[in-house]
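Just the one chain here, laid out as structure tokens, in the form predicted alone.
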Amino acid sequence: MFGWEFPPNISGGLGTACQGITKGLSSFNDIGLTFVMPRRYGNETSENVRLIGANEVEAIRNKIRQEAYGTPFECYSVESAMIPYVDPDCFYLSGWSQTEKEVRQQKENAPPFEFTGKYGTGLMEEIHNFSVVAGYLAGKENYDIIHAHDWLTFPAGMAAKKILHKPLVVHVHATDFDRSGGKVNPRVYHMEKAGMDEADAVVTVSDHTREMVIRNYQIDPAKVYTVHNGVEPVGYPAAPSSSGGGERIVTFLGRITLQKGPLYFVEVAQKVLARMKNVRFVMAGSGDMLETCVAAVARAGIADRFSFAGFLKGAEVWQMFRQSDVYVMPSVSEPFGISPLEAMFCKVPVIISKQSGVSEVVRHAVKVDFWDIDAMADAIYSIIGRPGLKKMMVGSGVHEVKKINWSNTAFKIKTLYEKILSH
């Protein structure tokens, strides 16, 4: 199995999903699982899963290339300023804020095939190098199934399949149509489609994503399977917010990008605050629209009732949910959306967009169109103002979300493996 990130070193839901799926699969006695990522930091936790970082592969550059391709050769790269999924802080850390001389010196001094596992300026080169290492590893051991998560690892999965001649499963957690709002990057689209075309089975995280894969990538519907994500019960005890007369918290948690609809959250906040004053809106996350949202809050004159919490992970996420009275996910196009399930598990009523995959599996949530800010504002007003409604949503939501777990997800994936291997 190939993935780009693994908790606690994550930038979004992809790593969380990889951990949940591997944990679920590892519970089956007849599955031995090796998970390969670009970089292993050593603080990852896994149960009965062998974790390998491509940065740990003990082979020099030319040895890898010679064994993978049969002949030594040199690789030249072309610099590009394309930086997907990067917020201003990550942009600064990526090196493009430094002088050309400093960047050149860093590259000259860097060890061969060094992997960051990030989404910076060298992403495309890193994806290529990762696929070379994947082919090298595939030639060293034998596996029955190859499973690649998202476009970043599709080339790695394809390289492993070429060496092993075994079935390839590609897992689509999101498409570039979701991330870009329709302004698709041709290089990314090509890598997505190539992986899906080569795959023996394509797993999508929702019917919403399945339809997009079939329609926009022209993939045979017979090999596209929907397997919904789950949620991991956590050890941080969640407590419902006080029903007293204190400040109520309405939370947005996710990447602050076009896909997640953060500006709709700001507009909703303005409408609610025109009717209620004892409410605080919190936007937790980072992304390329952060400064735009800060400016929008200032223009709306609600800065005293609106907070930006920054990027949260691990215990910080659960602490944020503990303090929340309502969770809102106004995503424009959301392949799935794990965070509403986490909120429900923490006894928080949720409002989600109908344009999300998670809306296919939950019943006890308010579902609205992402653009319908009036409906969202009315829902927030009703949940906060009607304790009985909130209590009902919390009780039913917790009961429901306990059934939406990674064990069920893993069982469906295992069943798919068996189907593929039986042909």
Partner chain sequence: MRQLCLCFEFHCPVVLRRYRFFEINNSHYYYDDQQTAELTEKLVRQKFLPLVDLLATLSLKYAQRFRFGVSTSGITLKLLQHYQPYFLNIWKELGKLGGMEFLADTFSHTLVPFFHPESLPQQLELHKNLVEEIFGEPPRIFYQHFPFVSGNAEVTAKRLSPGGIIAARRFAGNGRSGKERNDNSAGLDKKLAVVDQPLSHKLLEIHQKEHASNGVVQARHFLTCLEGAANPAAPRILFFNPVAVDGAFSNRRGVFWEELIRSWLAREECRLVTPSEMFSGSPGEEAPEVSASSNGSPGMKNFWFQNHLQQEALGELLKIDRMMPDPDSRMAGEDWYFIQDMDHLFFMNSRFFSPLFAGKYFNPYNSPYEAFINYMNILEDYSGKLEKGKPEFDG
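Residue numbers count along the first chain shown, from 1. Model, not experiment: these values are computed from the prediction.
The same protein also has a form predicted in complex with the partner chain, omitted here; what follows describes it.
Problem set entry | 4.5 angstroms heavy atom contact with the partner chain in the model of the complex for Asp374 | Yes - in the model of the complex, heavy atoms of Asp374 and the partner chain come within 4.5 Å of each other.
For this session: Examine Val366 and determine whether its closest non-hydrogen atom to the partner chain in the model of the complex is within 4.5 angstroms.
Result: Although the partner chain is absent here, Val366 would touch it in the model of the complex, with heavy atoms inside 4.5 Å.
Exercise. With the cut-off set at 4.5 Å between non-hydrogen atoms, does Val272 touch the partner chain in the model of the complex?
Worked result: Contact with the partner chain, yes.
Problem set entry | Contact test in the model of the complex: Ala379 vs the partner chain, heavy atoms, 4.5 Å | So Ala379 counts as contacting the partner chain.
Exercise. Where, among 123-131, 313-321, 215-223, 272-280, do residues come within 4.5 Å of the partner chain in the model of the complex by heavy atom distance?
Worked result: Heavy-atom contact with the partner occurs in 272-280.
Exercise. Though the partner chain is not shown, can you say which of Val398, Ile31, Leu51, Met392 has a heavy atom within 4.5 Å of it in the model of the complex?
Worked result: Answer to the contact question: Met392.
For this session: Pull the contact list for 336-359: residues with a heavy atom within 4.5 Å of the partner chain in the model of the complex, in sequence order.
Result: Sequence-ordered list has one entry, Lys354.
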